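Just so you know, structure 1 and structure 2 below are the same protein chain in two forms, each on its own as structure tokens.
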Structure 1
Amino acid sequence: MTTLAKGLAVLDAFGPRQPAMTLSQAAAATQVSRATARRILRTLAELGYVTQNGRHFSLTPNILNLGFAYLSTQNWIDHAVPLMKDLSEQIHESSSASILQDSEVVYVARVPTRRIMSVAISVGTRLPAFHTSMGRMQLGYLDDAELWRRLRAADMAPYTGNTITDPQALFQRIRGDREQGFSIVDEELERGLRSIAVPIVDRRGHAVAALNLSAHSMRTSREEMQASFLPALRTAASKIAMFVN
């Protein structure tokens, strides 16, 4: 199991900032020895998950099989997409669904209408949970001890002048969002970006995902989001929740 964990850590080290790595870089990124990194990368190459070009290793398209295997087991996502399309057409703004992984949200469905972020968002995109509406909505369902653990471990570097970086203030904001049942994040991740999210809750009362609408701050006020976006967003989330096991 330790070897499996190390192999997954190597795969996870690849990303937009490091699409290709040498043995030394892989070892440093995953805190293993060069010999261990060499064995892992050679095994991953034999399995077809990485390819080698000179001194550098990079992922192959086969890695997508792992992600699609997860998506294929989540039937609610298939039902969510047409409901999200209806939602986006009704509100005329982009809609997304994501799940929480540690201190990040991972996008599992996306219906764009306008490009409002400098980063292209698609299925599989990861963003910091503490500075996104979908992240805060799901973090609110954690118990206090776990929420504080993730707060202490998270990178609190500001993205904009509006980014909340004080752990106590974030804790209070997340708990407040949970109580009111929705979260609005106002230009904290990127200037000009305002979003509102609600949870997708299973039959046991657990937030399995979150659903949001995002718009340019010059086009839509916080008050309009709460008055006009929130009812439609809650209706769509309730319909999606019916398909969650």
Structure 2
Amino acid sequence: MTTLAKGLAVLDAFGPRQPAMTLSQAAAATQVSRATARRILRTLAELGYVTQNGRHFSLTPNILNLGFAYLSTQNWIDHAVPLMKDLSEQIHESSSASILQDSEVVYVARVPTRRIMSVAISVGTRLPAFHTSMGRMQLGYLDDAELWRRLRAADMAPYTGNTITDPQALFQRIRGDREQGFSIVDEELERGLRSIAVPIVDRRGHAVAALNLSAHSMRTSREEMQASFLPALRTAASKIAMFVN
């Protein structure tokens, strides 16, 4: 394990549970010696990524630069947000964009209306790809071998009674969603939550991201989603797609 890896591990160790850590706590949390933790924290402090008051080290807003370096490389996101806002206002529901990363989707843009999910979704949030509409849509663009690899790698713990956990069933569902060009997921991640997603496809035909709308399952039926959400969602996605390279 290199110093760089350890340093990043230290940064990663900070979180809601550990907003501030002493040298020893950081060492324990990242499995490095105290001497190492000391050097790393000193370096990070010099670079302005952490501050030390007393014995406790805590993160500074400077590390936002690192995190947002990724977002700033994805120029299309900037163009997507206003389009998503229009979409959200037209449908009166929250809209999100996410990209697929292994077996998770990572939210990269979000226009919320009222909150319906128990967990607060924001940019950077990760959700299990196999149980979300945006995840399934993007997984559908993988070839069979790769899709099966990820199906085997992911743990299929059910979130609700509706969660599809059978790999074979998931495989067919994902292939079917790809076929029809959209994915609707009904209360598989959370009771009362229904969402619909379409892919954002670049000019080479690759799905670089997915765009969705989500709503209360009681208020919006599957049919209603397909009839009234889908056309607007597709229009927005194709507009956004014009900005991806």
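Counting starts at 1 and follows the sequence of structure 1. The shown structure was predicted, so the numbers you read here are calculated from the model rather than taken from an experiment. For clarity, a rigid core is taken as the largest C-alpha set superposing within 1.5 Å between two forms.
Of the two forms shown, the form predicted on its own is structure 1. After superposition on the rigid core, the Cα of Pro231 moves by less than 2 Å between structure 1 and structure 2. Comparing the forms between structure 1 and structure 2, the C-alpha position of Glu179 differs by less than 2 angstroms, with the core used for superposition. After superposing the rigid core, the C-alpha of Ser217 moves by less than 2 Å between structure 1 and structure 2.
Shown is the Cα shift of Leu41 between structure 1 and structure 2 after rigid core superposition, which amounts to 7.6 Å.
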